[in-house]
Structure formats: C-alpha cells, structure tokens
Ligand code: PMT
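Single chain ahead, by itself, as structure tokens, in the form predicted alone.
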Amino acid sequence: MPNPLEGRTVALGVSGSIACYRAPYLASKLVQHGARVDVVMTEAAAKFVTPLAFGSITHRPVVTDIFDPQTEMGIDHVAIAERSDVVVVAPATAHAMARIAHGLADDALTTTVLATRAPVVVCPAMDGHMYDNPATQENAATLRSRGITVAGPATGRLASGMYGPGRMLEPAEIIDHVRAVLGRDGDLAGRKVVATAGGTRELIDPVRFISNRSSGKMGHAAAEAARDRGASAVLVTASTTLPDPVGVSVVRVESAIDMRDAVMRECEDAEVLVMAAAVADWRPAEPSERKLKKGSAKTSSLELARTPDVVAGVRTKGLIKVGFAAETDDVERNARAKIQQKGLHFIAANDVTAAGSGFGADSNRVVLIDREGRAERLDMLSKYEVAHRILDKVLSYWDC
C-alpha cells in the first residue's frame, strides 16, 4: 500500500482566509496523489479564490451554496459527507472552527462536517492574536476532544505583518496529516515500529566530528510508511537536515552510543526495528575537551575505538529486525554476511555508488535478503515505496 490516497475521496472545505491562495495547490497535490477531490467553499472563500479555479484542478463540480438546487448539496445535502473518506478544512478560519465546534450547519462546509462519519482534519489559518484568543483555544480543544485532527498552525510571518502562530501548514504537511488519518486502521494498527535514520557524529573535539554521508531519507521514509499503515511509529534520528515527519514520535541522538541507548529503550515494547541509520563504526578513543590546534606538524594521527553494534545488541523477544547494508562492491555477499552477525530477519542491501540510489537520493534500488538466503531484487523505487516493500515483508513473518 504505497499510496494511502490512491482512489480515496477527499472533501476539501475552504473557508474565507487569505491562505485560500494555497488551497488550489493543495487540491492539485491531492489529485496528483490519486484522490478524488470534492471542494466545498464558503461564501467568503469564493471572494478570495473563484470556484472555477478549483473546478479546473479537480474536474469536479464545486459546491458553494447549500440552497442551490443544481448542486448535489441542493439535491441531497449529505451526499459529499457520506461518500468522503476524509474531510479536510484548509484553511480553517477562527470563525469556521467556532462554527464546527458548536455544531452549526448553516452553509455547505459546516453541513458537510456535521453530517460526515469520516475523519476530519482542520487546518487553522488566522491572525496570531485570534489564534491565541481563549475562545479559539477552547474551540480547538473541543475539536480535538471529539477526535478531529487539528493540524497546525505553523508559526511565521502572517498577513497582518506580525510574526507568530497562525499560518496554515504547507500543503505537503497537510497531506501527511491526511495520510496518517487514512492509515489509522491499516495493517500495522496497534503495532509499534522503530526506525532509525541519519549518520551518527563521533566527536573529535567540541568543533570537529567523524560522520558519514547519510541523509536520513530512507529512515524517514520507513517511519512515514509505518505511520501510514496505522503503526505507532518512532524515529530515532541522528543529525539530518530533514523536518520531523508528521505523526511520528521523534527521538534525536548524536553518537553511536546515544543511538544504542535510544534504540534499546524504544524497542522494549516494539514489534519491528528498521535499522536504516548509518552508525559510525569507529569513534575517537579520547575526544578532546578543547579544540585541537593545527600547530606546525605536517601529519597527525587519531586513535580510534570501535563503536557498539546497535542492531546486534537489540535482543527484544519477538522483535523483527531489519538491517541495511550500504555497499560499494560485492553488495549481496557482504550483505549476507551481516544477517547472522547482527541477528537480522532480513537485510536491505544497495550499491551506494549506483546512479539514482544511495545517500541523498530520493530513490533506491535494493535487494532484500532473508536468513534462508532468498533474495528479492527490487526495481528502482522511491524510498517511500521501498519502505512499504520492507513492511510488506515484515508482515509475511506474522502470516506464517
């Protein structure tokens, strides 16, 4: 299930905020992800963006008036509410949030929200003072208490010129919230999956460290895929430039020892460990407490000590352990040797020098090798798709 939005129906409610200008892009991205999008607009929203703009993107009628007999809402005022898999209100003004919280149904948007049994995602967008107002905070708390996902807002520069909370989340973040909501009842619901990401840093002194080229993208993809299948996903990550994935519990670490301690702790009650992090094999034996000076010497040496093998040290009963082997030669042979050494159920091996694969890339070509030596060679896929193929294989162990 690489795309939880494929074939789903999304009701996109748009209320009257200047953030409306980003709603057509959100609609477009939902369509690109394979969703059927029904747009429901308030009268105020139509003053910012025309219904024609949304209709041109979704290729579906746009509902603006509950009393228009030519629309589905006029014929059957709960038609959209009943067929939707999820309702997303973006942007959601303070006024829209208040009406939803108090169960009002005086326009097409609030009628859809009140009538649906599908999960609802509300994306606030308003001035910072309006968001901080106790009335808005109470309304947001009411929505959450009813199982509605309140996604955002972000903090940043607002239309009023002030800086603070109130910005609608970026469309990509909203889509991640939608994926997480749609995946709640997935095939990993009730399971805890721990994924690791990034390259650890081993300090030489307070300024310098030993690390590697890992971007963390594969580990992030594994955590997101687990989330999208209903798992309680935990990401233990070393330093990366990636934003925290939506709906995932993030544990930040720096060194291999930090990674070991965090993974051991998180795996105590986990069912799956996907060890995608690039853990340093060596660390300075005695890191300096002060910056080392270059001096006049032409050469220098640094004594190194072995770091702990994180995945080999995890021995939680019933835990399915998946490793990664980033190789430059003899990929499968080197990967097979690690399966027994580390006590893995299977390993994902790849050639990091191959074009379009490896560190920093958004795609990967891997071979999955299990304890019995069976190999499944995957085509070049996005790392998110690779993560789903790994989780598919994890599920096969429970099906046995």
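In this text, all values refer to a predicted model and were calculated from it rather than measured experimentally. Numbers for residues come from their place in the sequence shown, where the first is 1.
Omitted from view is the form predicted in complex with this ligand, to which the following refers.
In the predicted complex, this ligand sits beyond 4.5 Å of every heavy atom of residue 22. Although the partner is absent here, residue 157 sits far enough away that none of its heavy atoms falls within 4.5 Å of this ligand in the predicted complex. Though the partner is left out of this view, residue 36 does not reach within 4.5 Å of this ligand in the predicted complex, counting heavy atoms only. Taking non-hydrogen atoms only, residue 278 approaches this ligand to within 4.5 angstroms in the predicted complex. Contact check at 4.5 Å (heavy atoms) against this ligand in the predicted complex: none of 29, 170 and 249 pass.
This chain lacks the partner; the member of 49, 352, 331, 66 within 4.5 angstroms of this ligand in the predicted complex by a non-hydrogen atom is 352.
The partner is absent here, but in the predicted complex a heavy atom of 310, alone among 234, 174, 120, 310, sits within 4.5 Å of this ligand.
Just one listed stretch, out of 94-102, 80-88, 222-230, 278-286, contacts this ligand in the predicted complex at the 4.5 Å heavy atom level, and that stretch is 278-286.
Applying a 4.5 Å heavy atom cutoff to this ligand in the predicted complex picks out 359, 360, 364 from 359-377, in order along the sequence.
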